[in-house]
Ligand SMILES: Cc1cc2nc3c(=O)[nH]c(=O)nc-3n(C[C@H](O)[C@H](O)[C@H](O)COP(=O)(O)OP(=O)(O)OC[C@H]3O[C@@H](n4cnc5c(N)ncnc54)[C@H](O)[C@@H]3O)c2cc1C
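The chain below stands alone and is given in structure tokens; this is the form predicted on its own.
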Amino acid sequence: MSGGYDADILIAGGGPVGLAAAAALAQAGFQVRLYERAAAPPAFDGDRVDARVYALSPASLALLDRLGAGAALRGSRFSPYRAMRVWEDEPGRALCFSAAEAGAEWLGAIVEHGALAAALAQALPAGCACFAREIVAAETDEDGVALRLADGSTERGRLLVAADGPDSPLRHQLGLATVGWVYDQQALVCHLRPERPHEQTAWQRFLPTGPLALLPLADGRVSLVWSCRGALAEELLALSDAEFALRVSTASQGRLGALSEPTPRRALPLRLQHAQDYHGTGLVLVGDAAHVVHPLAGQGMNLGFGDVAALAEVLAAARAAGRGWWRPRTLAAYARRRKADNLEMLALTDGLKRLFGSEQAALRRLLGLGLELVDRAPLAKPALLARALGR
């Protein structure tokens, strides 16, 4: 395969990570074309509630600012938070993080999926994104990639970036294997209105059935992310709104008073997954196509944005040095740079899930005490705080 390229880089997937990759690579001077089978993200609508939210780190927010998406995102329901409190059974033994401890204004911000996608889509150069265009097959070799689309057309580029999600068809088709497992949990998500102010604080309690998080929203409500076993998720989905709100209020030990007015609930399956290789001939993986983590630390989107920033920097540096920026050697440099961070977070979230999911009473008491000890530790706590900030 040689010559006749339609773009330098072809991107599969129009979720937030794919959109960010398109914006970052175009900003770095590459000719980019993105393909997404769904329609373009609609403009943010303040009357529409999106139960899927992300806790973006300052590093991710800085990336969005550089890409020109930050202003639009801040004009939506953008909710910065200053603190985080994590506890097991005794709130007095909570692990507490605050932005002030790190000399920062915020620990991060909670944003809705729709608002994030809309802001990134608006930041793309004209003609960069091809929505409602489905990829049905791909061929790659050392000279480039050819994509066959559902309408019968073919698009060619030097490099293919797969940002097509955890079940990545391109990763499967081009033979990049993964390791991992499905958790015995689903993430139940919705928004609720608390009786007491959320104090711009992210609240998380570790329960034997899984972690429950209440994340602060700009309109005073909180976003619930309750990772619980399948049977419990089904039970909670079947409750009336009043019964469900009472269950969440009880499970969160009333930290925000009585919760009410739940929005429609959704349950999302959870898994851990990691690609053994982040690249193949003419192909590189980013975001959930490369790695999927348990949501208890809220780091999935931040890892994906970290991939985007690293990929743009590595490819641009190789091109500036006169090297083949699409070659396996360059892609291997990107993979080395990202695997350590991503594997560290996979191990951390999986370990916490297993430890705090233990039903052994003695072990759970020890873990509860451990939160209190980490909160007082002169070295461990700052290290965890720096990781949360994306430093």
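Each residue number is its position in the shown sequence, starting from 1. Bear in mind that the values here come from a model prediction, so they are computed numbers and not experimental data.
From this point on, the text means the form predicted together with the named molecule, which you will not see here.
Participant: Given that the named molecule is left out here, which of 208, 254, 169, 230 has a heavy atom within 4.5 Å of it in the predicted bound form?
Facilitator: If I apply the 4.5 Å criterion carefully, the residue I get is 169.
Participant: If you check 77, 221, 133, 265 against the named molecule in the predicted bound form, which one has a heavy atom within 4.5 Å?
Facilitator: Contact residue from the list: 133.
Participant: For a quick test of understanding: in the predicted bound form, does each of 35, 55 and 189 have a heavy atom within 4.5 Å of the named molecule?
Facilitator: Heavy-atom distance to the named molecule in the predicted bound form: all three under 4.5 Å.
Participant: According to a 4.5 angstroms non-hydrogen atom cut-off, is residue 300 in contact with the named molecule in the predicted bound form?
Facilitator: Flag for residue 300 set to yes.
Participant: Is residue 288 close to the named molecule in the predicted bound form, meaning a heavy atom pair under 4.5 Å apart or at it?
Facilitator: Looking in the predicted bound form, residue contacts with the named molecule include residue 288, since a heavy atom lies within 4.5 Å.
Participant: Looking in the predicted bound form, any heavy atom of residue 17 within 4.5 Å of the named molecule?
Facilitator: Yes, residue 17 is a contact residue.
Participant: With the partner left out of view, is residue 165 within 4.5 angstroms of the named molecule in the predicted bound form by any non-hydrogen atom?
Facilitator: Residue 165: contacts the named molecule in the predicted bound form.
Participant: Among 22-30, 47-55, 324-332, 338-346, which stretch has residues with heavy atoms no more than 4.5 Å from the named molecule in the predicted bound form?
Facilitator: Correct option: 47-55.
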